[in-house]
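In the form predicted on its own, a lone chain appears below as structure tokens.
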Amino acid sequence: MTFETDAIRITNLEKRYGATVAVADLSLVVPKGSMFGFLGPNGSGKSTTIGCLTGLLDPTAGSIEILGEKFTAESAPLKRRMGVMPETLGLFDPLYAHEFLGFVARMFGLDEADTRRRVTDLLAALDLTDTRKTLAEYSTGMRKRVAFAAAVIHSPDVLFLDEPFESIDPAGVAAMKQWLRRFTEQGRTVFITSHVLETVERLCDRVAIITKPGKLVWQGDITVLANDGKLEYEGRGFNSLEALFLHLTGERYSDLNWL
């Protein structure tokens, strides 16, 4: 399935913290309707890039377009069309799950009937129906599920997920994958970061890989792997996303001989 409009267009994006460069001259296009994996080693600038794309951070330079419109931190109408699951989760710990999700739904303009229905549906689907615990008392996996529910409750057009599957049990991950596939089949877009490369390989159709400091080194269609093809880079073919990733990022750890 193809779609005419790009969901995200990043041009020469740069983010600095004083003399430290977190993202350097990043340009990227994410097609509408794609499941887009955004990969890189720790500290490479993935979360910083998502922060810029969602208005949590102001870029030092460059431009961002979301759904064909210029995006800045003040772009409230565009923000209402986006769902965000940040690395920090952004939960209000004193609240119960139903209270927090109801608050988020109303912030996005859902009426009371839709709010009640969607909160009830999400709590049941994500096994969050225990009303005796506040968010502060939830396990890490449960907190992740609440953050995911908050990101999708308003049916956004573009969904940003920063390490969404970490600490979630296999059944929960399988359900989330199914929902995300349905999401993109409807022409909406998922922009996802994850260190679980096998999951990205099976779930995503396109991938970009960055290295420190936020420098793009590869992007392309990874669905060729499902058809016994290879990912090409400088005349070499790689049989898996992991093999390509390790080659590009140069991630090597010294051996601990005493173990």
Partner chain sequence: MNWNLIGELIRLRYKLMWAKARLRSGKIALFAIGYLLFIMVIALLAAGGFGAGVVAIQAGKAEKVCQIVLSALFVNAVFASLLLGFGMSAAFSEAELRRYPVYARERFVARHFLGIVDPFWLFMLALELGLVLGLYGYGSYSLWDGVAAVLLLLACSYLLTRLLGEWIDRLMATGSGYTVVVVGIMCLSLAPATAMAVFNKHRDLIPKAMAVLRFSPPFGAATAMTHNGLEMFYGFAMLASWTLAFAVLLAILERRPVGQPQVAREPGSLWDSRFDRVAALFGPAMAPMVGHWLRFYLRNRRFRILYGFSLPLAAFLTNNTGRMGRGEDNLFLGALGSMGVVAFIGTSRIAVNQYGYVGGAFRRFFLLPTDPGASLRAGSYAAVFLSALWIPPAAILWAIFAPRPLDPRMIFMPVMNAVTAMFLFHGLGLWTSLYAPRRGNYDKSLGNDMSLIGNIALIGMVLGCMFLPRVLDATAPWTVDPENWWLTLAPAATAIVFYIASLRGATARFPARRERLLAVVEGRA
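Numbering follows the first chain given and starts at 1. Quick caveat: nothing in here was measured; it's all calculated off a predicted structure.
One more form of this protein, predicted in complex with its partner chain, exists but is not displayed; see below.
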| property | result |
| --- | --- |
| Contact test in the predicted complex: Tyr138 vs its partner chain, heavy atoms, 4.5 Å | no |
| Proximity of Glu74 to its partner chain in the predicted complex, heavy atoms at 4.5 Å | yes |
| Partner proximity in the predicted complex: Thr54 to its partner chain, non-hydrogen atom cutoff 4.5 Å | yes |
| Interface membership of Asp157, its partner chain in the predicted complex, 4.5 Å heavy atom rule | no |
| Of Ser167, Thr88, Gln186, Gln178, the one that lies within 4.5 Å of its partner chain in the predicted complex (heavy atoms) | Thr88 |
| Whether Asp58, Glu99 and Ala150 all lie within 4.5 angstroms of its partner chain in the predicted complex by heavy atom | yes |
